[in-house]
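Have a look below at one chain only, the form predicted alone, in structure tokens format.
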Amino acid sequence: MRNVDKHDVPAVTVPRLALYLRKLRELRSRGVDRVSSKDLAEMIGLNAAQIRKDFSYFGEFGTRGVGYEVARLVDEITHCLGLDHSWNVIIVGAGLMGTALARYRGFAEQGFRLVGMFDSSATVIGASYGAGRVRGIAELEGFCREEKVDIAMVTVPAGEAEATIGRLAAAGVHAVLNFAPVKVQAPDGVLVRQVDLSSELMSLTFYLDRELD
């Protein structure tokens, strides 16, 4: 396996790698040994030249007229995305969004180990939604340090997001997926990714409404 320098991989390429990996794993499960960039492009709706450029970060191992070895691509991309070992994940916020995420089984299949869930409401503390019992928010910092939490998914109300992410940063969590409907300032040393579902829906309605004009 080639030792890819991840600093050489552009940020815009990373989401495409995740897309490739999902499709390549599907092909592997169906017993497909090789795939061309053209065929893969047609399957996922991308440009074949772009796919070849993205794969070039892993070395020149495709063969013209033969294509790429699916199993090797899966291994290379899995390694590049850091999915060849498990990551400890928590959810902060046990509302509708948080509990839906806790029930999603796909995280474990990708190497994300859901180790805890937290909330401030006495009505949900002690309940179980797929990550063991919901813990009180007062236990957050101690738990993160003890369990060496890598990633937190934050689904708290907008007004609580900034303070919650600050607490996570202080407890040694270095990556946050923020579902709260507000953009927060990322603390030093913490990577924050914003998931704004309402904005995505508004983008869809723009295109839908455009077709009706």
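Please read all numbers here as calculations on a predicted model, not as lab measurements. When you see a residue number, it is the position in the sequence shown, counting from 1.
As for the form predicted together with another copy of the chain, it is not shown, yet the points below apply to it.
Peer 1: Which is the contacting stretch out of 66-74, 48-56, 168-176, 30-38, given heavy atoms within 4.5 Å of another copy of the chain in the predicted complex?
Peer 2: Contact criterion met by 168-176 only.
Peer 1: I'd like to check something about residue 83: if you look in the predicted complex, is any of its heavy atoms closer than or equal to 4.5 Å to a heavy atom of another copy of the chain?
Peer 2: Looking in the predicted complex, residue contacts with another copy of the chain include residue 83, since a heavy atom lies within 4.5 Å.
Peer 1: Taking any heavy atom pair closer than or equal to 4.5 Å as contact, tell me whether residue 143 reaches another copy of the chain in the predicted complex.
Peer 2: No - in the predicted complex, heavy atoms of residue 143 and another copy of the chain never come within 4.5 Å of each other.
Peer 1: Taking another copy of the chain as it sits in the predicted complex, is residue 101 in contact with it (heavy atom to heavy atom, 4.5 Å or less)?
Peer 2: Contact check for residue 101: yes, within 4.5 Å of another copy of the chain in the predicted complex.
Peer 1: Does another copy of the chain get within 4.5 angstroms of any non-hydrogen atom of residue 115 in the predicted complex?
Peer 2: Answer no; every heavy atom of residue 115 is more than 4.5 Å from another copy of the chain in the predicted complex.
Peer 1: From first to last in sequence, which residues of 39-56 have any non-hydrogen atom within 4.5 angstroms of another copy of the chain in the predicted complex?
Peer 2: Read in sequence order, the residues that approach another copy of the chain (within 4.5 Å, in the predicted complex) are 42, 43, 44, 45.
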